[in-house]
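The chain below stands alone and is given as structure tokens, in the form predicted alone.
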Amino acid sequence: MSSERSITVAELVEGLGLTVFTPDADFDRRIATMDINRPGLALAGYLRYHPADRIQLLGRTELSFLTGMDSREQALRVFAFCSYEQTPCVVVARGEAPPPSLLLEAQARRLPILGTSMVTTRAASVISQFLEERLAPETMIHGVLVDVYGIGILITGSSGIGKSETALELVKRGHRLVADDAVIIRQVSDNTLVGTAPPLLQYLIEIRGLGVLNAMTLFGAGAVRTHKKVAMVIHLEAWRDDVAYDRLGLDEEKVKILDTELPSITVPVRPGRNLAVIVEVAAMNYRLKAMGYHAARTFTEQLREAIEGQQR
């Protein structure tokens, strides 16, 4: 389940504590893109490729350029700049006051004019980060997300296979729970997925026979965290004798979540297997691979050299 996200200008104002210069504007205008535009070319009169659907950020350069025009030219440029209905809002940086001509035209078109005391580059960074968090594509996955040795591991599998019990054992062993049963995963950049718990399920874990438990209350604040980058997926499935499971670890599976591929391991489940230990070792092995050491490939290469040595 994924969704295209947007927020209102009112949410931007509340989230960043921005100053409002046009209180009667339309604050229900929606922001659907993470990009920000500094409209120097638009104020110079070149509007052919003007990205009007973005937040328009005015810094000292744009304001000095605008106020340096004569009143007639300034009015014409501001009229054209404010004429786009899809423009969500204009943000003025450095604590500067917007020019009267801009305020007058914006009020006539109910275009929100906002302000911030931050310098322009800092304002662009803060607004971009806020939009990335709020507008990132997201999906909800049935599973458990845990932080094991600093590695975010998403445990998936059919209902009743033992995902929550494995997470509970990992928490007892000193690792941290992020989400149980439902995991909201957001794509915050091209190759980065971040998982969180739905607000109603935060810190909760369901164990059949015991019911719903609060991991933070039981094990302390160090046993949970609110979000974690997802690094790999471990899929639990019931052991089947007719399946030839990988015994060397040479087969590297991938699973695609949103637009990002993650390494995936399928772990067969049967009585007597300590799944928590397997997940711990999988996390440590992932870190070793990231450092350039691949145990299965090393073993295979040594085995090949031994066989070739005997044949000589």
Partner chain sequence: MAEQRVVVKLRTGLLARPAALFVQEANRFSSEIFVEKDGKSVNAKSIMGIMSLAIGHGQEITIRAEGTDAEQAVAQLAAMVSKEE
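Numbering follows the first chain given and starts at 1. The structure presented is a predicted model; accordingly, all values stated were derived computationally and were not measured.
Below, we turn to the form predicted together with the partner chain, even though it does not appear here.
Since exactly one of 97, 218, 182, 104 fits, which has a heavy atom within 4.5 Å of the partner chain in the predicted bound form? That would be 182.
Taking the partner chain in the predicted bound form as the reference, which of 193, 205, 154, 171 has a non-hydrogen atom within 4.5 Å? Contact with the partner chain in the predicted bound form is made by 205 alone.
Stretch in contact, per heavy atom within 4.5 angstroms of the partner chain in the predicted bound form, of 234 to 242, 122 to 130, 86 to 94, 195 to 203: It is 195 to 203 that comes within 4.5 Å of the partner.
The partner chain in the predicted bound form: contacted by all of 142, 159 and 212, heavy atom 4.5 Å: All of them do, each having a heavy atom within 4.5 Å of the partner.
Any non-hydrogen atom of residue 165 within 4.5 angstroms of the partner chain in the predicted bound form: No - in the predicted bound form, heavy atoms of residue 165 and the partner chain never come within 4.5 Å of each other.
Residue 147: heavy atom within 4.5 Å of the partner chain in the predicted bound form? So residue 147 does not count as contacting the partner chain.
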